[in-house]
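Let's start with one chain on its own, the form predicted on its own, as structure tokens.
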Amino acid sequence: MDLSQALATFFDESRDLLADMERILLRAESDALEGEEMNALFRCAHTIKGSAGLFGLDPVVRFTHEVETVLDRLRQGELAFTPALVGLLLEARDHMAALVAAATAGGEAPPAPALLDGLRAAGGGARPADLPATVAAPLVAVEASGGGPLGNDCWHLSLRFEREVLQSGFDPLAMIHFLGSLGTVVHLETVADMLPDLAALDPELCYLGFEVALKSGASKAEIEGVFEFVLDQARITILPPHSRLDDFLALIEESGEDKFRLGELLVACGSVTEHELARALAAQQEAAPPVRLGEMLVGQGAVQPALVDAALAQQKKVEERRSSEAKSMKIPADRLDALIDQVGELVIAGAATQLQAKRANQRELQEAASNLLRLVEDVRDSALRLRMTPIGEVFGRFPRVVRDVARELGKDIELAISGADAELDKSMVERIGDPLMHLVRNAIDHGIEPPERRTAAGKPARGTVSLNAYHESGSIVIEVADDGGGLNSERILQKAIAKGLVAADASLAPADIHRLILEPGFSTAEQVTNLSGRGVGMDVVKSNVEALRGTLDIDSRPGQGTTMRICLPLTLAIIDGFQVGVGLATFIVPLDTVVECIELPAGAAGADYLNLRGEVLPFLRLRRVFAVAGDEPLRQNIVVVRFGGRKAGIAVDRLFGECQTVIKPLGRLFSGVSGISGSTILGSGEVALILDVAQLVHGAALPAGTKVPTPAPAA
């Protein structure tokens, strides 16, 4: 039997469960967990252990069992969350992740004996001095149902027989004696409140009731079976031992989706027998006004309210899960990628069809081609939406990072997350994680000041790092902000002059000074730490962001903090483009960057700037940038583009208009060419290059005194 597919599902689900564990544990560090959250935390470990056992992943099972023991003590109130215990459980969660990852790769994770000892001590073994102290277990109030107290390890049987039971040939005392075959009758108390005066007493009638404490490992159904023949002539109430309540609750939580109705759940866990359920259902049908089944069972003393509540909660959970699963389904990423590729080819074929229709100059054919292209655009949009994923998938990694790094640096830092539901392409979500990680760690290390310095500056001792995402003009903007001291512009400029990055007499705007930290090897840190200071990182962040066709802007204010703003396109696969021509070459400008098109003024020959309605607009000539052969035409056009808050112009020979653009990667030979981000195939079958507007705008608007990228040769 091939279990590889099921195993892959287990690995996927384990990662989700481990992420949930981390989220709940981090919350436990600052807030008291509610009962459902505590149960969810326990379920994460329990599910991983159980599923790992199915696949024979013994290392995962053995270690998770120790974690589960500690979580169970927390759930029972025998332990309380402390920073030390949360830290221990977070380490345990990391080791579980390592064990699962090792199982995924077919290897073995290194043992963690110290961690295991800590878990065993917290789970009830020997207690090292540094482990958290236990708290006294709270007294649990247990309801009685017409008989003696509950809360011990005995079943409690409350027996009330009809008076005629003896006349029917049944002896209650004999049945009570038979209970001894299932265990030990620890206590028997006779209830004689129905006993009449001696003169009125009929020796053939039963006036007595019994309260029995039975110590037994038998199930409720087995105990009820002793009274099987008198169930119609008696009221038998069987309440489980206190220890069994936890078992019943656990069984309810672990029940599958095949048991959905309340009665099924309670019978399946053994807390209610079939007879009790049938009796309650019959009574429910006759009840007026209507009574809920749970209330009926509790009223009849068949089950404790806590079990009914747990069963109802499980019922609701299954209902929500079914509802959720009905709305979504998992699809392997490679199938989705294949679909996007096919849609891309469909887009190219649609464009080719429309082109041929225009050349044929037949009106009916042109209309049919237009309709086809419209449908292709709809299919394209629908297919691309399938790849969209919330950015929260990445943001979820950072609460743990902020916690650990802040503790390492001795800082008190809060992470504020907003806009986690903003969506972007899944491949981009996977690739933006590392740049964001670097920015967050930089914000903690360099941005947020030590508590004493913040207090002296009149700020709260606790700093804040913010992650925010939102959509803007067809792009997604991701901000990493801190309320620290801000960038030191003077020190950055002096360092840049010393490194020869800018001229000593250069006059730079604050924003341009701040961008100097994106240069390779640039650092103003006085000390090299484990986190930063070597000048490696920000240039990599910039490169990674630009590889995603995005931009990185910096907004920093002295004493108030710094905001790193990343602007990314929503998708990497297919975009709306604007087709332009220079000589015999065709280029594509991403449409979301195009502001307007104007004719190049006749007097602008040789100039790099023009007056755009009173605004100075720098522009570059695409023919010169790519050394395109041929003479410039008499009339040229300017495509005005905007990127990252900057505006610039691109001079081209011809404007062809909008087109759908399927982005094809550049080969290794062209990967280093400046100003080009990719290629595409036109409807005519020709290859067109997609302009890297971010790089071109930066080159056109580069301040004097800074280095300008060398123009690339013609592609």
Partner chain sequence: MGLRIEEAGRACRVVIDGDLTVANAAEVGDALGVAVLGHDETEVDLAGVEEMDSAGLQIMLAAKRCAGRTVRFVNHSAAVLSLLELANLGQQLGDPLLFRASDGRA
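Numbering follows the first chain given and starts at 1. Small disclaimer: the values here were computed from a predicted structure and weren't measured. Note that the rigid core is defined as the largest set of C-alphas that superpose within 1.5 Å between two forms.
Same protein, other form: the form predicted together with the partner chain, not shown, and the subject of what follows.
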Complete contact of 582, 618 and 632 with the partner chain in the predicted bound form (any heavy atom, 4.5 Å)
no
Could you tell me which of 461 to 469, 95 to 103, 213 to 221, 200 to 208 sits within 4.5 Å of the partner chain in the predicted bound form, going by non-hydrogen atoms?
200 to 208
Indicate whether the partner chain has at least one heavy atom within 4.5 Å of a heavy atom of residue 188 in the predicted bound form.
yes
If we define contact as a non-hydrogen atom of the residue within 4.5 angstroms of the partner, is residue 172 a contact of the partner chain in the predicted bound form?
yes
Given that the partner chain is not shown alongside this chain, does residue 193 nevertheless sit within 4.5 Å of it in the predicted bound form, heavy atom to heavy atom?
yes
So in the predicted bound form, is the partner chain close enough to residue 177 to count as touching (4.5 Å, heavy atoms)?
yes
Proximity to the partner chain in the predicted bound form, single hit among 166, 511, 518, 84 (heavy atom within 4.5 Å):
166
Is there a C-alpha shift of 2 Å or more at residue 509 between this form and the one not shown once the rigid core is superposed?
no
Would you say whether residue 173 is displaced between this form and the one not shown, judging by a C-alpha shift of 2 Å or more on the superposed rigid core?
yes
Using a rigid core alignment, state whether the CA of residue 490 is displaced by 2 Å or more between this form and the one not shown.
no
